[in-house]
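Just one chain follows, in the form predicted alone, and it is written as structure tokens.
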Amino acid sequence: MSDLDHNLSLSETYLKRFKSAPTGHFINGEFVVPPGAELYTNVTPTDNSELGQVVAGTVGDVNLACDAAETAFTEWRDMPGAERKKILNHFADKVVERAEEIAIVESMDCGQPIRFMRQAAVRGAANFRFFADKAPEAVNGLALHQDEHTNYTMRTPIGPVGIITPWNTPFMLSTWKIAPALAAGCTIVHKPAELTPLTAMLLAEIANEAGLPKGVWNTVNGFGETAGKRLTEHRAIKAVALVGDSTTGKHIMHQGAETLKRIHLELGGKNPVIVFDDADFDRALDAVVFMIYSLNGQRCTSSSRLLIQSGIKDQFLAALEERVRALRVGHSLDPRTEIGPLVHTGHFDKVMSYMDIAKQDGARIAVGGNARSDLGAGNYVEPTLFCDAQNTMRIAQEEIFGPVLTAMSFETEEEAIHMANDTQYGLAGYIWTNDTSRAMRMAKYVEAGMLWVNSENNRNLPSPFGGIKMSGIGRDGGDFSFDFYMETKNVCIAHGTHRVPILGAVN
């Protein structure tokens, strides 16, 4: 039996229950399919066959979940951080135990290659362990001594929060958002993307098995215009964290305004990778290929614009074309696959539309540009490289969110900075140079929330993660996450020695 056949056999086992009964919600410690619920069909992008029926959550469903989170908040908030640490580390243990199941279900649900989804399951556990271990210190603040007063700060959990997660790497991104919220002492209502609901239910099962009190974790499936809208408007929800596109972020800001919710938005990007003549050629080439063609190009930090200095342009692009042609497209459960099917037929059509747009704008399709219909009924696209592009073209300005790279050249450092910044987005940037002074200058002037020098996207959990401009508001990671999920309270204690001003005194 081949590795693909083995994984397909496992997928039949793991997906059987989703196919045999509708996937509902997890509310107040119970898995529920409301009577008469409206259902929609969930499909796998590998061949667009049905994975099962999913409940389209209603306003009433969201209300029940929010009420449950509100009721459970006091108990979870008041639980000692050391106890929350124990429960969340137990949660991480359960994730590891089910890592194979999580990876295979995720791969079939969203189309990401199994080679990356195995890592995503482990990363999800790591997210929980990291924030679990910080739970006891989440309340800590600062001591600020003055001659006649001492100020100290403390942090308290903000309350029930809404977590809205995307379809590209749904399991890992859910843990990235939920783990710090729970460690801080917040309760959560999670609305996963309607296109990829399955691993969210595995997470809810693990939460139940790990011993989280009823109502601390709630999951409601459904569509953004109904379930998502109600979640962002509900009075009990004190903050909303979204990973999604910029258009959705705008809607959430409007919807949360009436109740003055705290909003954290991790949105889109059109991230530049800037390669100078003096860069380590082979390492830069490896990083350029990895950071756009891994995860099907469906990640917010993908380096989708290549800015290559003219001195090495021809040599670099020739090597790049060879690598892109060699990328292996195939079934998401095949361990040899490097690029799997795109998540949905609608997204497939969007990505394919940019092939014509590139031609209309005058760019050259150096590699790819076609669908892979020879692979069956799934949403398969050839990895694509656009060359001879200009930064004003749509392929250089709009987030395609697929295995598509737009290459452009520059002459000077100043020109590279201008091109990098000439976009509405500002999430990430990648700079390749062996000139330390240049790297420092670029880091200062490139407009992005995150920059990597001579590296691909390196993950460091304590570091701030987030963007500027249309790429979002707020930062995740370490203490930055706690700053979002917690309120900071200042306490000023007088030493009894200062003069209190007197008004209205009678002599």
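From a predicted model like this one, the values you see are computed outputs, not experimental measurements. Position 1 is the first residue in the sequence shown; the rest follow in order.
What comes next is about the form predicted in complex with nicotinamide-adenine-dinucleotide (NAD), which does not appear here.
Only one of 274-282, 308-316, 224-232, 178-186 places residue heavy atoms within 4.5 angstroms of nicotinamide-adenine-dinucleotide (NAD) in the predicted bound form, namely 224-232. Proximity to nicotinamide-adenine-dinucleotide (NAD) in the predicted bound form holds for all of L173, A193 and E399, with the criterion being a heavy atom within 4.5 Å. Among the residues T384, S304, T165, S332, the one placing a heavy atom within 4.5 Å of nicotinamide-adenine-dinucleotide (NAD) in the predicted bound form is T165. A heavy atom within 4.5 Å of nicotinamide-adenine-dinucleotide (NAD) in the predicted bound form is found for one listed residue only; from I252, A92, A72, A363, this is I252. Residue contact with nicotinamide-adenine-dinucleotide (NAD) in the predicted bound form: I395 places no heavy atom within 4.5 Å of it. Within 4.5 Å of any heavy atom of nicotinamide-adenine-dinucleotide (NAD) in the predicted bound form lies no heavy atom of F26. For the chain shown alone, T248 is a contact residue for nicotinamide-adenine-dinucleotide (NAD) in the predicted bound form, at least one non-hydrogen atom being within 4.5 angstroms. A residue is said to contact a partner when one of its heavy atoms sits within 4.5 Å of a partner heavy atom; F482 fails this definition for nicotinamide-adenine-dinucleotide (NAD) in the predicted bound form, lying far away. Contacts between 238-268 and nicotinamide-adenine-dinucleotide (NAD), taken as any heavy atom within 4.5 Å in the predicted bound form, involve L242, V243, G244, D245, T248, H251, I252, Q255, E266, L267, G268.
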